[in-house]
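Just one chain is shown here, as structure tokens, and it is the form predicted alone.
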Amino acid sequence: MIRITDLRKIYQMGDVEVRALDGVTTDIAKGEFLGIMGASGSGKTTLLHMLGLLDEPTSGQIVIEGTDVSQLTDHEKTMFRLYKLGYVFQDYALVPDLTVMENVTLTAMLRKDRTEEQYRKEGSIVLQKIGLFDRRDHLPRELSGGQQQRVSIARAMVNKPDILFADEPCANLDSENSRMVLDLFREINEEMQQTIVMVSHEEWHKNYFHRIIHLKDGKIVSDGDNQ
């Protein structure tokens, strides 16, 4: 599903060259729940941003479902993200003045292949899935942190993306809400064969992953099945 070849990201900080990614090569299979782990500054989020087309590599290649995404124009990348990819961020990234339902259906509204009836129906289904349909008319500030992150997951899932990217989705949550979010990811992965790529630094999270890539100084130091 995703093929990554010799991926590099270099930042110039004055006279200093910082290699955030330094020759990353790996594949990600369809239906896999992949964990990207490593210490702070190891390149985890940089790699996720490259794969999610949120930033551009300095060199190397990313092929997603047969498409070399480096060859896409900016508009084509925007459409690729909208139709193919879903994102969950650690800070929820909800629009404060929109209701839960409006936040969930926000990206679906931008697609040209969905009517309002369709995206509201899809929004209702996914809110029922995460157990927050009864809060659909509430604003984000009226929800707990764990509930807000579940809304963020619902928004990422409403377009039925091929790949779901999650960047430290439990960073702002306590253990109970973190487990709830990860259980939801596992359920989505198992029931829908949803491909999930998740960045984490918490050791106990590894129990949820099929495979774990460990990064250090922008390089993969281990890559294997989670046994």
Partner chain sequence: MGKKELKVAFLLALRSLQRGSKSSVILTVIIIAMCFTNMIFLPSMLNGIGQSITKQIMDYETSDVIVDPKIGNQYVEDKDAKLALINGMSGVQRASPHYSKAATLKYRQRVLGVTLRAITPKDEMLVSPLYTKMVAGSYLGEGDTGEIILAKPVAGDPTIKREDEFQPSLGGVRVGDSITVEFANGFTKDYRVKGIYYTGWYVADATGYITWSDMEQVEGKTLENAEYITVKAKPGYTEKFIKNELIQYGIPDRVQTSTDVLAKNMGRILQSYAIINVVSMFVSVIITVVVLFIIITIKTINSRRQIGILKAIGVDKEVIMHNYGFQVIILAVLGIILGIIIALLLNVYMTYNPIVTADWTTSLYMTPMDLAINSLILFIAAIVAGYLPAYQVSREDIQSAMRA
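These numbers come from a predicted model, not from an experiment. Residue numbers count along the first chain shown, from 1.
The form predicted in complex with the partner chain is left out here; the points below concern that form.
Chemist: Using a 4.5 Å cut on heavy atoms, which of Val63, Leu54, Met192, Ala171 is close to the partner chain in the predicted bound form?
Modeler: Comparing distances to the partner chain in the predicted bound form, the residue within 4.5 Å is Leu54.
Chemist: Report yes if all three of Phe133, Gln148 and Trp204 come within 4.5 Å of the partner chain in the predicted bound form by some heavy atom, otherwise no.
Modeler: No.
Chemist: Classify Thr78 as contacting or not contacting the partner chain in the predicted bound form by the rule of any non-hydrogen atom within 4.5 angstroms, answering yes or no.
Modeler: Thr78 belongs to the contact set for the partner chain.
Chemist: Tell me, yes or no, whether Thr99 is in contact with the partner chain in the predicted bound form, where a contact means a heavy atom of each within 4.5 Å.
Modeler: So Thr99 counts as contacting the partner chain.
Chemist: Quick one: is Leu72 in contact with the partner chain in the predicted bound form, heavy atoms, 4.5 Å cut-off?
Modeler: Result no; Leu72 lies far from the partner chain in the predicted bound form.
Chemist: Might Leu127 be said to contact the partner chain in the predicted bound form, defining contact as any heavy atom within 4.5 Å?
Modeler: Looking in the predicted bound form, residue contacts with the partner chain do not include Leu127, since no heavy atom lies within 4.5 Å.
Chemist: In sequence order, which positions of 80-102 have a non-hydrogen atom within 4.5 Å of the partner chain in the predicted bound form?
Modeler: Arg81, Leu82, Tyr87, Phe89, Asp91, Ala93, Leu94, Val95, Pro96, Asp97, Leu98, Thr99, Glu102 sit within 4.5 Å of the partner.
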